[in-house]
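Listed next as structure tokens is one chain, alone, in the form predicted alone.
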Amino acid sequence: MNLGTRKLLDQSFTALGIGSIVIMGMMLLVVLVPILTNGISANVFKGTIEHRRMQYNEFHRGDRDALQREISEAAATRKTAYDMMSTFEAELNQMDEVKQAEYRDKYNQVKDAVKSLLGPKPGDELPELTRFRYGQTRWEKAQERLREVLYEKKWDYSNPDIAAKEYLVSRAESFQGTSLVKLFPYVETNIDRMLLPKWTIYWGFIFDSSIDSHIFGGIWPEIQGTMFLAIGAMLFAFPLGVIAAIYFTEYAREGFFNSLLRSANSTLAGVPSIVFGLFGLAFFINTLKVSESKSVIAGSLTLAIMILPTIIRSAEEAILAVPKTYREASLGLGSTKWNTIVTVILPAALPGILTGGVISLGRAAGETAPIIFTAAVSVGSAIGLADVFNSPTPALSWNIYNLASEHEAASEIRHVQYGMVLALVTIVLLLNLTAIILRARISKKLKG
């Protein structure tokens, strides 16, 4: 191969490598930017007077006097809308049966939409569910509800070649000739004064517990549960993984038994995570009875079994990377084999071992399938250290799936789902950053 061809190939491979890095970076941005922007909206948003009422009533947070002034200001504007509705109700009762039947259903739709937008009228009995005690707490959701007040959704089936097409019809047209027709432009014009939106930084999303299945409140129990499960898994898996790696590299001899163990370890690394979840239920809960049902300890043990092969492999690679001259020098000075392992080999391999351990910790924090049957619940409060042996816990990974696919109001709490995703991604990134910093510091210390 001549020099020109070699240079051309080198340049081609360099360009290919740079192009691959650029493409990976762009794909990462495509994934992370929506998570970041939508996740931040869980903490920073335009909150309405309903949000401030909810915060004061449920979490005792806020200035009572300022809140009362805002409530009075909003109530004065809302009263006009309620008076219009009361006037129409009296008018409706005076209509004949045909007209009553024509307007009753349409008016009930308007009434429900206004109630969803502003909350119950003063004097109404408060509903049992917290979600129905308040109007829209977020301005963007209030805008959606305002649309429901102003417009009726209908479907066009005239074209048989395409699916039904949605279109909107002004509700005001349905009430022409009645007193209620004045309600719609009034609400549209005065919605700001009815809800008093303000930019809000809601740190409670991170530190509060959820209320009414994450309709209100925060995600602290999920964050705490995720950390309990991940750290618990490491407490079991890390010592066992390092000990197994020492055995494989320093004591095991080539043979059938050693090959069998290595094959088992490699096989475990490729087992689907849902299998570990079923194994944890069958073995740790039903057989060993570590807890009567789901618990943090059962989930941590299951995650520990799942990440154990990765820790063994990374620790083994780190130990094998230690130069043989270290061993020879220590043994030549009269040290025992075990003392050489503990005082020479393990400290030299520590950066690689810790890196593998922290990466495994990040994986344990993000797993869903292993904790479905062993530890996770959809809704729950934060637990203490004393409860890890007998209590299940919410966890970010499981609750993200649950809120996005099974929650009855999934479309209403997208900000919560994205907020959980951002919290989980942040935790994993912080764990990996910790691994990088630890590796750098220990390597620098070892080099003197």
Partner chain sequence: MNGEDSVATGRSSAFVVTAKKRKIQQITRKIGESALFLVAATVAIIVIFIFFFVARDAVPFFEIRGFREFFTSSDWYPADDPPRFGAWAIIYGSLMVTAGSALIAVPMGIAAAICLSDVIPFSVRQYVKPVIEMLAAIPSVAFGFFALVILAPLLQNYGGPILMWTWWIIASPFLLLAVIVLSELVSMSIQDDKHRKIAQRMYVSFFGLIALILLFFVGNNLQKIEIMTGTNALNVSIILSFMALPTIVSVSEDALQAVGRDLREGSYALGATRAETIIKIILPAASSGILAAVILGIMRSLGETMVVWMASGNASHIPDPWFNYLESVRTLTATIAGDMGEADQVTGSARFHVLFAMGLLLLVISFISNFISERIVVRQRKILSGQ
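Residue numbers count along the first chain shown, from 1. Note that the structure is predicted; figures quoted are calculated from it, not measured.
FYI, the form predicted together with its partner chain isn't displayed, but the following is about it.
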{"query": "Heavy atom of residue 368 within 4.5 Å of its partner chain in the predicted complex", "finding": "yes"}
{"query": "Exercise: residue 66 in contact with its partner chain in the predicted complex, heavy atom 4.5 Å", "finding": "no"}
{"query": "Residue 30 within 4.5 Å of its partner chain in the predicted complex, heavy atoms", "finding": "yes"}
{"query": "Contact of residue 247 with its partner chain in the predicted complex (heavy atom, 4.5 Å)", "finding": "yes"}
{"query": "Non-hydrogen atom within 4.5 Å of its partner chain in the predicted complex for each of 24, 421 and 432", "finding": "yes"}
{"query": "Partner-proximal stretch of 379-387, 45-53, 58-66, 394-402 relative to its partner chain in the predicted complex, 4.5 angstroms, heavy atom", "finding": "394-402"}
{"query": "Of 167, 186, 207, 251, the one that lies within 4.5 Å of its partner chain in the predicted complex (heavy atoms)", "finding": "251"}
{"query": "Contacts with its partner chain in the predicted complex, stretch 260-299 (heavy atom within 4.5 Å)", "finding": "261, 263, 264, 265, 266, 267, 268, 270, 271, 272, 273, 274, 275, 276, 278, 279, 281, 282, 283, 286, 287"}
